[in-house]
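In structure tokens, one chain follows: the form predicted on its own.
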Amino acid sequence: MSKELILMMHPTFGVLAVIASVWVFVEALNAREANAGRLRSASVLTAILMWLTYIVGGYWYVVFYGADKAIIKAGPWPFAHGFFMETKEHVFLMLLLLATFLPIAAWGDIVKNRMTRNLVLWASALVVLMGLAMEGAGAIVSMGVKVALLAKQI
């Protein structure tokens, strides 16, 4: 499998996990017996996609990111690694735990128990917000590489 394909799989799985979490949120807002199965399926899908994001991103980080890190740190945007990548490395673990917790919470009585529904709503909303923050931070890290490579051409 090519490096480029592996690199693109990471944010793709992340975006799909965010979309699945939005799906969970909408289903939880309209929690009924009729949609409880869809809500649970979407919560499992969220967790699976987030784990795939973690596995593919971790593989990229261990195998290929060392060269990118050196380029970023030598370029005009060293903060792209120093702040944004370091933040991604630590905050993502909380996001992974939340996404893993989501199906556990969704298997509660979400229709009759308001606290369970609120728990699912908050967990899915946090997955969405943190996922979008991770996507943005990843874009800045990627831009740090591009800016450094362009600066060397001038």
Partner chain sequence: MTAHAEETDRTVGPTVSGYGLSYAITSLLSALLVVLKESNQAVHDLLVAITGHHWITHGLLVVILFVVLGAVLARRDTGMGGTALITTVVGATIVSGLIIAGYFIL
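Nothing here was measured: the structure is a model prediction, and the numbers come from that model. Numbering follows the first chain given and starts at 1.
Omitted here: the form predicted together with the partner chain. The next part is about that form.
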**Study point:** Candidate from A34, A67, L29, L93 lying within 4.5 Å of the partner chain in the model of the complex - any heavy atom
**Key:** L93
Exercise for review: Indicate whether the partner chain has at least one heavy atom within 4.5 Å of a heavy atom of L49 in the model of the complex.
Suggested key: no
Review point. So in the model of the complex, does any heavy atom of S41 sit within 4.5 Å of the partner chain?
Key: no
**Study point:** the partner chain contact at V128 in the model of the complex, heavy atom, 4.5 Å
**Key:** no
**Study point:** is_contact(P78, the partner chain) in the model of the complex, heavy atom dist at most 4.5 Å
**Key:** no
**Study point:** the partner chain in the model of the complex - contacting residues of 60 to 98, heavy atom within 4.5 Å
**Key:** Y61, V62, G82, F83, E86, T87, E89, H90, V91, L93, M94, L96, L97, L98
